[in-house]
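Just the one chain here, the form predicted alone, laid out as structure tokens.
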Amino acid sequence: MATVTFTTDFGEADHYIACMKGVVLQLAPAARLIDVTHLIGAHDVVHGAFVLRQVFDYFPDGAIHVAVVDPGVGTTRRLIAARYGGQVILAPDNGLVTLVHRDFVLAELRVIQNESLFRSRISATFHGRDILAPVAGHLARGLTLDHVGPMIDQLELLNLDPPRLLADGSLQGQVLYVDHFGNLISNISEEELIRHGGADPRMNVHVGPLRVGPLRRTYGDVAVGEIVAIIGSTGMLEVAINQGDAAESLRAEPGTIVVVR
């Protein structure tokens, strides 16, 4: 029984995701369908890339991930099938796979071109339903990836600046993602932090001009309402307010500078 996941910016009020699921089930009735989220910010490819990377570790070989955050739908942008290890991602070629691509070895990359796998009528504005979903259905019932289209050797990746070491020895990154709780998740990994001495209790985390303090273990290491810096469940440096909303309180958002000095 194949597992097919869905990550989209479609929201929960409309028919879009149900249509995609129906198409998969027409082809693979025994498939197990998993909603990752449909609340990716509209057209926010970085948000989609972050969520896709976070869930990728936790699915088994054979999983098929359909990711649709596609502001270029209907244009000349390609649709791709990318295999990392034993899992496959079906997505527009617009950078959605960037963070998975950063952390996993690409085993196979194909452009989706085999029209015999698509629905007979294709809307220029709904390739998720008419192309990606039927391809997922065919793969879920055993079609091998080589049938979807020819191999390619290039894909679009987001231009996400990595953390950098400043002249004074500080490590500078930025907020990459704000979660449902308002926690600020940065692009500074635990490994980078340790490598540059950020785990030293004398080092302090700063968000913009605000000094947060040293790295703590968990949210409850500070009083309710106080700000805290931790390594969160993503393995990245995170700034939060215990039982509060750090993004709102600090007026921070993706791109806000985070410095460890």
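Since this is a predicted model, take the numbers as computed values, not measurements. Start at 1 with the first residue shown and count on from there.
From this point on, the text means the form predicted in complex with a further copy of the same chain, which you will not see here.
- Using a 4.5 angstroms limit between non-hydrogen atoms, E253 is distant from a further copy of the same chain in the predicted bound form.
- Although the partner is absent here, Y177 sits close enough that one of its heavy atoms falls within 4.5 Å of a further copy of the same chain in the predicted bound form.
- With a 4.5 Å cutoff on heavy atoms, T234 counts as touching a further copy of the same chain in the predicted bound form.
- Taking the partner from elsewhere, R102 is found to have every heavy atom lying beyond 4.5 Å of a further copy of the same chain in the predicted bound form.
- Taken together, L25, A42 and P60 are fully in contact with a further copy of the same chain in the predicted bound form: each brings a heavy atom within 4.5 Å.
- Considering a further copy of the same chain in the predicted bound form, the lone stretch of 151-159, 167-175, 93-101, 68-76 in range is 68-76 [heavy atom distance within 4.5 Å].
- If you take 17-33 and check each residue for a heavy atom within 4.5 Å of a further copy of the same chain in the predicted bound form, you get A18, C19, K21, G22, V23, L25, Q26, P29, A30, A31, R32, L33, in sequence order.
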